[in-house]
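Two forms of the same protein chain are encoded below as structure tokens; each is given separately, as structure 1 and structure 2.
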Structure 1
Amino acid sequence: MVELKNITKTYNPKKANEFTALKNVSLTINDGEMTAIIGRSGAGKSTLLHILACIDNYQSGEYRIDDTLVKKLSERELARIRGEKIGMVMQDFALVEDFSALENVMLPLDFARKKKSNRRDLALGALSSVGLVELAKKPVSKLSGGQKQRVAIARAIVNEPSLILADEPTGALDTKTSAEIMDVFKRLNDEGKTIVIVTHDPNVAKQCERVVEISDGEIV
């Protein structure tokens, strides 16, 4: 379970360009939920996602993931949580273009705290789960946008995280491909994954069982 209590995040505190991106945000996401976070550009969606991903810190409040208080963790402990509990999917895919699909999916396994001897098999299994195993050896630069996003999802799930965070995962895709990617997320959710999707697309949001709207750094 993910739990936020009165989270406040301010950029450049006590400076002329100080900006409070989140104001006393409280949110609970139960295991197995598929949640959309919506709001206008600058509303605080991505900031919230980065805090959930243990990438960004916050000034006040509490963030717990599986009853672990994130604020008190060292950078090494945060890295462990990111590696074991959280999978990230980005709008721009964030893949290594010169690598094959398989090599991209294997990357998180290379950096895992506990090295696994069956890295290739795990990566092939992740690609199979997103319907892309037949393109495992193909360079990412030769893949379509939808195929790249499937590789990105496979990379996000290869360590079998319990929480998948997606930042505008369909933003660079056409309508048909977006629908296919959402089908992948829904299937992963059916398999028990907790999924949080930041989106500006109402068609994406309505496919999630829960929608959380943020406006000016606050949950509406």
Structure 2
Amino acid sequence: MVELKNITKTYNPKKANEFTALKNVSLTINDGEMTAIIGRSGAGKSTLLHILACIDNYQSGEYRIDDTLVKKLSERELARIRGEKIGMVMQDFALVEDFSALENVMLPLDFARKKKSNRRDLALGALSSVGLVELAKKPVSKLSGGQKQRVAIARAIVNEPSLILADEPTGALDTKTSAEIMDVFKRLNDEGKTIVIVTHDPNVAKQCERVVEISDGEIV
């Protein structure tokens, strides 16, 4: 269970371009839920997801993962949560451009505390679940937007995290591929993973059991 309580996030605090992107946001997501976060561009969806992914700070409020206060965690524990508990698909994919698709997908396995011996097979498995196994050796810089997005998804799921956060994961995909990707998420959800998807697409939102709308930094 992840729980946000009265989270306020201000960019560039105390500067001329100060901007409060999240205002007193409270949200609880239970284990095994599949949630869509919708809202207009600039509403604060990505900001919310980054806080959930433990890669951004906030000015006030509390964030708990499984009843543990995230603020109290050490740098080491946080890194471990980012690497092994959470799988994050960034809006701009955040792939290492010089690496191949396979190398990108292997990164979370390389960084994990417990080293699995079959890292390559696991990575190939993740790539095949997004239908990209034949492009494994290709440098990501040579892939199309949709292919990159699928690599990012494969990388997010390869460590079998219990919480998968995806920022507009179908944004660069056609309808058919979108549907395939949603099937991947649904399958993972069926396996018990908690899934949070930020999306513009009503079709995607429709497939989630819960929809949270955010507007001007507030949940409506």
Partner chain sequence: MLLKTAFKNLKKNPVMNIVCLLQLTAIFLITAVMVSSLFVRYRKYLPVKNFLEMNGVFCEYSFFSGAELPGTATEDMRGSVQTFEELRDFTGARNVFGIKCFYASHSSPSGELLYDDLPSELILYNDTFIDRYIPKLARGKWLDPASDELEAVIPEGLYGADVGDVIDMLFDDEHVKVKVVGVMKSGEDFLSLNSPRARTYDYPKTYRSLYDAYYTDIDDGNPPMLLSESVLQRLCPETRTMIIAAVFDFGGTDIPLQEALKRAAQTGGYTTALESINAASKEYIHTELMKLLPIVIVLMVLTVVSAVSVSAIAARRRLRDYAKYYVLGLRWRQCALVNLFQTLVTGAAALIIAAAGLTVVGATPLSETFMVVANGWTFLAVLGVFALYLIFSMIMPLIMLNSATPKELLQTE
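Predicted, not measured: the structure shown is a model, and the values here were computed from it. Quick note, the numbers are simply positions in structure 1, starting from 1. Superpose the two forms; the largest set of C-alphas matching within 1.5 Å is the rigid core.
Structure 2 is taken from the form predicted in complex with its partner chain, while structure 1 is not.
When the rigid core is held fixed, the Cα atom of I86 travels less than 2 angstroms between the two structures. With the core held fixed, A154 shows a CA shift of 2 Å or greater between the two structures. Superposing C-alpha atoms between the two structures reveals a rigid-body rotation of the smaller part against the larger of 18 degrees. Aligning the rigid core leaves the CA of A126 displaced by 3.6 Å between the two structures.
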